[in-house]
Every structure is written in structure tokens, then in C-alpha cells.
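Before any questions on binding or motion, here is one chain by itself as C-alpha cells, the form predicted on its own.
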Amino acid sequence: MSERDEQPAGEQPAGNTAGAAKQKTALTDCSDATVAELVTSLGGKPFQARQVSHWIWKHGVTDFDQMSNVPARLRTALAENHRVHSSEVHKTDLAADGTEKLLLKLHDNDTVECVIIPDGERTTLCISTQVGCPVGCVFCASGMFGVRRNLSSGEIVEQVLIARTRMQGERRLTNLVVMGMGEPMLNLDGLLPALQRIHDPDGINFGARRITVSTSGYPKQMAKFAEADPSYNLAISLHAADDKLRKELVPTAANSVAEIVTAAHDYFGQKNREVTFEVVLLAGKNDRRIDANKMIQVLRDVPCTVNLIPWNPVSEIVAKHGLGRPTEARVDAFADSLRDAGINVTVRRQRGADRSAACGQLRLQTLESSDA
């Protein structure tokens, strides 16, 4: 087992925590039992604790004054040392196709992204688990400044609450993907309680079958994730079936392709859910026929779907690494090769193409502006 794979899932990377001790505790980070204890300690009744939780999770309020059926005295007492949320919308970017990227400012002034992606009757929300990312994929903007810290469970859930308030008309969130900034498997201590809150009927009440968690591949943590109840969908960012090429694209990769695929097969065996392998296709890099053939060799006997993702260019990465987006013909040829071998394939349609489409790009622009 590699040194990176041995990293405790809940270990907190160094981050901007100056003044954190002075911050009020967000109720989104508190269990129902903690909220009940807090309310009763302030002279409230148990049913009023349930009212407070109902306002947070069902109505999505962000201020105690919005809790109209909670006594004013109790609301004032709660506000002295607590806040409802610890994050707020700092910046938005709306694309012509309706894709909306939200840059959220956290209590310590760090920022993370989440993205609302409408597509017909479906509306998918993509959320983050860390400030930045430790994986460092050469094509991804999320890891260009490394990782600063893990998000708390409350900060993860707040992305769903905030996105839900931005739904208009009949539109509702239908799917949740944990594929934004960060490596989810390295923050299981924050992620698993957050997913439980999101799924819980007394929480946000979001079906587990509509939740997908994406990882770059940490077998030990994937095994721990497989123990979670209920069962969530798992996606693995493979990008290449050849260890040398994958290491080039994912410099921090510590486990072989074979180890990762074995862990995926184990997940299927335990949860009876097919794993999705994600492949960001880069022109002339991993979109060749030889790359497709190697992927066929590795995945032919694995119950799975391969999701091909033509790369969304980021100017800073283009300048540094000279990467490019593959042509539609190359993407189609790659997909056809896998399908001919009996592998299920999907091709992700580009969303938000006229705006900062790539993950981490809006945060990157903001960080660069602040440094200018």
C-alpha cells in the first residue's frame, strides 16, 4: 500500500484557518442531537429543536430571523454563538445553456465551486469536498494551487442547500455528483456524514441512487466507502489504462491501474452497482486507437460504463502543457472502439462552453485577480 493511500481519510490539509476560533459554529455542522441539546440548554423545548432543524433542511433558511415559528428569545440566544450557514455565494457565472457556476466564500474567506447543470428534465448539481485539490491532474484547474483544507460536512451540505434555493419554477435538483474540487476519498470523514444528511428523510431527503461520488482512485478509501449505508454510485477518473501515461496525466497517482480496477470490481461485488470509469480525452495524448485498445484490455471483463469527456480547455493549462481538446471524430472513433468490444460508453456533452466551463476555473480566475 502506498504512502498516499495510507493517508487518513479525515486528515485536514493545512489551510487558511486564521481567526477560526472566533467564528460562530454553523448549525449545518451540528447533529440533530447537538441541536436538541443546544436548544434545551437555552431554555427551549425539544419540539422547538425539531422546528429549527426543519427550517434548516426543509426550508433552507440562512438566518435565524427567518424561523418564524421559533420564539424570538430563542432565536436571539441561538444567534449569539451560532450561525445557520458558514458559506455564502460570492460570485456566479451563468452560461447560455443555463449552466450556472457558483463560487462560494467560506467562513475563512477560502472559496469553492459548485455547478448547477440543467439538461431537459434533469438538473444535476456538482459539488466539492476540498478547497483546492491534492491530486494535481495536469489538465485540471482545481489543483493548480494545491489543496488548502478539507470541507466540513456542513460546508459540503450547504452547497446543496444553496443550489436548491436557485431553482426556478418547476425545476428541481434530480441528481448529485461529487466531482467538483477536491478528492472525495481523502475527506471521507466530512463526506460520509454530509451524504447521510443529504439522503436522510429528515434532512434533504435525496435518493441515494441519484448520488454519484467520483474519485481518482484510492483503493483503501474506496473499500471504506463501500461500507457506507446506503449505497451510492461510484465513478473513477481513470483517464488512461496504461500506468506510464496515467502517471503522466495524474502525477500523484500512487496505485496501478490494475489495483484501481480491482477495487472497482470489489465495489461492484459488494454493492451490486456498476462503476463508471471517467476518461478526460486530450488531443493526441490519450485519444488514440492504441489508448482505446489498452482500455479494452483492462475493462473488457469489468461490469462498468466508460464516460468519455472531451477536455474543456483552460488557457493557463494550454500555455503550460500544450494540451488540446480532441475533435469530435476522434472522440467518436474512441467510443466506437469500446462499444465494438462490448463496453458500455457514454460521451459527456459540453456544458457552459461560453463561460468558465472547466472545474475550478472560476475560482482560478478569482485567485489570479486577487494576486494581480
Ligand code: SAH
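Being a predicted model, the structure only gives us computed values, none of them experimental. Position 1 is the first residue in the sequence shown; the rest follow in order.
The form predicted in complex with S-adenosyl-L-homocysteine (SAH) exists for this protein as well; it is not shown, and the discussion that follows is about that form.
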### Query
Hey, in the predicted complex, is Ser214 touching S-adenosyl-L-homocysteine (SAH), heavy atoms inside 4.5 Å?
yes
### Query
For His239, is any heavy atom within 4.5 Å of S-adenosyl-L-homocysteine (SAH) in the predicted complex, or not?
yes
### Task
Could you confirm whether Trp311 comes within 4.5 Å of S-adenosyl-L-homocysteine (SAH) in the predicted complex, counting heavy atoms only?
yes
### Task
Using the partner position in the predicted complex, report whether Gly190 sits within 4.5 Å of S-adenosyl-L-homocysteine (SAH), counting heavy atoms only.
no
### Task
Using a 4.5 Å heavy atom cut-off, indicate which stretch of 260-268, 74-82, 276-284, 199-207 touches S-adenosyl-L-homocysteine (SAH) in the predicted complex.
276-284
### Query
Since exactly one of Ile116, Leu161, Leu234, Cys140 fits, which has a heavy atom within 4.5 Å of S-adenosyl-L-homocysteine (SAH) in the predicted complex?
Cys140
### Query
Of Leu299, Met179, Met222, Leu106, which residue is found within 4.5 angstroms of S-adenosyl-L-homocysteine (SAH) in the predicted complex when only non-hydrogen atoms are counted?
Met179
